[in-house]
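Take a look at this single chain, the form predicted alone, given in structure tokens.
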């Protein structure tokens, strides 16, 4: 069986973060390894508290696991601290890990900041250059590029700027663009606009699940463009079948 690793925050609702990633891996027939990088207190209405996992424990989790099992692909989600980014970057180099998908989590669906100061700079400088795919939403693309991203043309310019930071493939998710649902794929050779029907409502964990699905597809041997297309279809179906166990956002039916 193929094996994928997620290094992400823990979400008690199961709708995002580490828990959602593992559910997605299973849905694609991939065995999931999971290392929590941060612990959160949250529910379907928002996040109340975040604590980064101790640096010694995070290092031991990574090293002890990778001494035994080498995943065919891996993804990062919420890396709350700069030391978490440093440890992941070191592990990728020391264990020759490939097929890295970076979901550069900066802000939650409810608007909460999800990183400590300096962490996004570390992600850009240390993880983007060794990544196969990065999956920022338009807000995260704006943060990393320093430009406003409000249209399809803005997304293309932002993708070109992000490409200069080192990733092999950039996918800017545009689900929050006014009146339009479109994800933009860019590998330096051309743009692919992946459009879909806009589904009304607020949903928790779409970015986590999307990047996890891409990771699973890469692990199974698919090229990035096919991985992204299949991941988008999967997420659209999961949103259509979403359910509401709490009083806030819907959870994807993964």
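Residue numbers count along the first chain shown, from 1. Treat the numbers as computed from the prediction; the structure is a model and nothing was measured.
The discussion below concerns the form predicted in complex with a small molecule, not included here.
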Proximity to the small molecule in the model of the complex, single hit among 102, 78, 85, 159 (heavy atom within 4.5 Å): 78
Residue stretch of 214-222, 185-193, 22-30, 41-49 approaching the small molecule in the model of the complex, non-hydrogen atom distance within 4.5 Å: 41-49
The small molecule contact in the model of the complex: residue 227, any heavy atom under 4.5 Å: no
The small molecule contact at residue 235 in the model of the complex, heavy atom, 4.5 Å: no
Contact label in the model of the complex: residue 231 to the small molecule, heavy atom within 4.5 Å: no
In the model of the complex, residue 122 touching the small molecule (heavy atom, 4.5 Å): no
